[in-house]
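The form predicted alone is given below as one chain in structure tokens.
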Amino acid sequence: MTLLLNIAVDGVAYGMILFMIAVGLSVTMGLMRVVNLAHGGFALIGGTLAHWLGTEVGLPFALVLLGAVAGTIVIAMPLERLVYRRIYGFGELQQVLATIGLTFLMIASVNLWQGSSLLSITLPEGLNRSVDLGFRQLTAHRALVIGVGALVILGLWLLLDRTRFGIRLRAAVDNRDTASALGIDTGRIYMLTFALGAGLAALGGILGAELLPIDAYYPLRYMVLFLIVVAIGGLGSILGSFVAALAIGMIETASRYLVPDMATITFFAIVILFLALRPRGLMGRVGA
């Protein structure tokens, strides 16, 4: 029982990180119809800014977190307007090639600025303390990750399903020309949605640096993992991405606990079997 509880706690924390990073990719691929393989680069940018603000500028962690996420959004917005708007009209293969090119540009930029070594993100003493769960000690940092992940899924549900912005986004996705004719600024909607996804990726990259360490090659190292979350959850489904991320977190954690020598093979075998049975994922859109 203790082993199962340990797997559950570690799996949920890992899954929350995957969700925060991958949910923006699910939105851009499922709703905005762009294969953005550079999405993990925004987690890299967020983590790199957090490292710089914390170790070189010397800001406290709260300001590091806010500044890194805000900085990533500031970078993402003009990038969407100047580059991605042209990519939206490309075919799928051209989108893959263009966004892979952006990925290598991000990697090269971080490599030039901070080098290729691991980029540490210093946590305040309070987040390094342990919380007694009865069956194990859990660091306050992992408890924070779980709490923030829960707030993110709730906030996204409220934003997309209960606000005027969410209604306009769905209208722009379903028929951009008609939405524009009705007075909806679809370009602005797309830019804000893209920036939201980039900001969440940065947040996940910073909070998840303990489990998914930040270095210049971060986007390539974890690209497949983020794509798996989107594929299993279903393109464009926020809830699907959440469930998929938690399931993947549990499966990978259980594999490392139970069959450490076969963990990677076991994990990918389960993923392949699932996608063979459910190629659209858990909650994929029919038109995706």
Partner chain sequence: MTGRLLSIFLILAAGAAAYLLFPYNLAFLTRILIMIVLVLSLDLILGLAGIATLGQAAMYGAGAYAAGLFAIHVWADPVAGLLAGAVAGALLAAVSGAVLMRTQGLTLIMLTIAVAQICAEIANRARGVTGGADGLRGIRPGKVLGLWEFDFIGITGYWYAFAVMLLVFLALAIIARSPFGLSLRGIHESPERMVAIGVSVYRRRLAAYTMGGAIAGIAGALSAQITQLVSLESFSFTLSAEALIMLILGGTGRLYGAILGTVIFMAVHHVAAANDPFNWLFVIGALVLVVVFFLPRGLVALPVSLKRLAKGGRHAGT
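Residue numbers count along the first chain shown, from 1. Since we're looking at a predicted model, the values are computed, not measured.
There is also a form predicted together with its partner chain; it is not shown, and the following applies to it.
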{"query": "Joint contact, 35, 94 and 223 to its partner chain in the model of the complex, by non-hydrogen atom at 4.5 Å", "finding": "yes"}
{"query": "Sole residue of 129, 188, 162, 86 within 4.5 Å of its partner chain in the model of the complex, by heavy atom", "finding": "86"}
{"query": "The unique member of 182, 133, 158, 112 whose heavy atoms fall within 4.5 Å of its partner chain in the model of the complex", "finding": "112"}
{"query": "Contact flag, residue 9 vs its partner chain in the model of the complex, heavy atom cut 4.5 Å", "finding": "no"}
{"query": "Heavy atom of residue 243 within 4.5 Å of its partner chain in the model of the complex", "finding": "no"}
{"query": "Non-hydrogen atom contact residue 66 with its partner chain in the model of the complex at 4.5 angstroms", "finding": "no"}
{"query": "Contact label in the model of the complex: residue 105 to its partner chain, heavy atom within 4.5 Å", "finding": "yes"}
{"query": "Residue stretch of 256-264, 51-59, 243-251, 66-74 approaching its partner chain in the model of the complex, non-hydrogen atom distance within 4.5 Å", "finding": "256-264"}
{"query": "Contacts with its partner chain in the model of the complex, stretch 216-238 (heavy atom within 4.5 Å)", "finding": "216, 217, 220, 221, 223, 224, 227, 228, 230, 231, 235"}
